[in-house]
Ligand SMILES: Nc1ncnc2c1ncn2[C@@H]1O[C@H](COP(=O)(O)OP(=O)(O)O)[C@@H](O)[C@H]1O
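Take a look at this single chain in structure tokens; it is the form predicted alone.
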């Protein structure tokens, strides 16, 4: 078994009412070089699970580790620097004036002092990822002027360009046209394999290609894991 990237042991999470936890009895261990799909009905706890894995939400019971570091530790920022998160609510205001290139480059600020310190290698990484996602012609466009599908591709590029060890994607196909979903699924899978990364995808859309490349499919209901099909590590 390879090293574990994500560990949850008997985890309970609540937003307000401790009597009605948002997550309960969660036990989940995910290793390297794994692509895991998390599915289930609306309100089942899928996004809450992602944010708990990332340490944005803290458990009131149980243990969560990301890259071996407990999410309650002050050192969790060390692990987060090696992660990328594409949230479900990615859309930007029509008045947002940052260009596509600036939005993608901002992903590197956790390891750079400013955008002015980007190296030729950084710029090459940006060019490579935007070409893979078919948005190289949009680099100078203001992010707020783009369609939902274009913005989603930009934020996926932003997530990939920092070359994370762990990739969290919340409904990454929600605004993508059906014809492009297969291409993006294959791109995410290729990244996971080439970089020996760990990818968690929340998706109510499980197309044929996603079913084929996923190592495991985790089904949630009412804040619990109710089924796991495949290999998590």
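Positions refer to the first chain, counted from 1. Every value quoted in this text rests on a predicted model; they were computed, and no experiment measured them.
Just so you know, the form predicted in complex with this ligand exists too; it's not on screen, but the next bit is about it.
**Q** Which of 203, 33, 44, 189 has a heavy atom within 4.5 Å of this ligand in the predicted complex?
**A** Contact residue from the list: 44.
**Q** May I ask you to choose, among 213, 217, 225, 22, the residue with a heavy atom within 4.5 Å of this ligand in the predicted complex?
**A** Partner contact (heavy atom, 4.5 Å) among the options: 22.
**Q** Is the gap between residue 48 and this ligand in the predicted complex 4.5 Å or less for some heavy atom pair?
**A** Residue 48 belongs to the contact set for this ligand.
**Q** Quick one: find which of 36-44, 160-168, 64-72, 192-200 has residues within 4.5 Å of this ligand in the predicted complex by heavy atom distance.
**A** Contact criterion met by 36-44 only.
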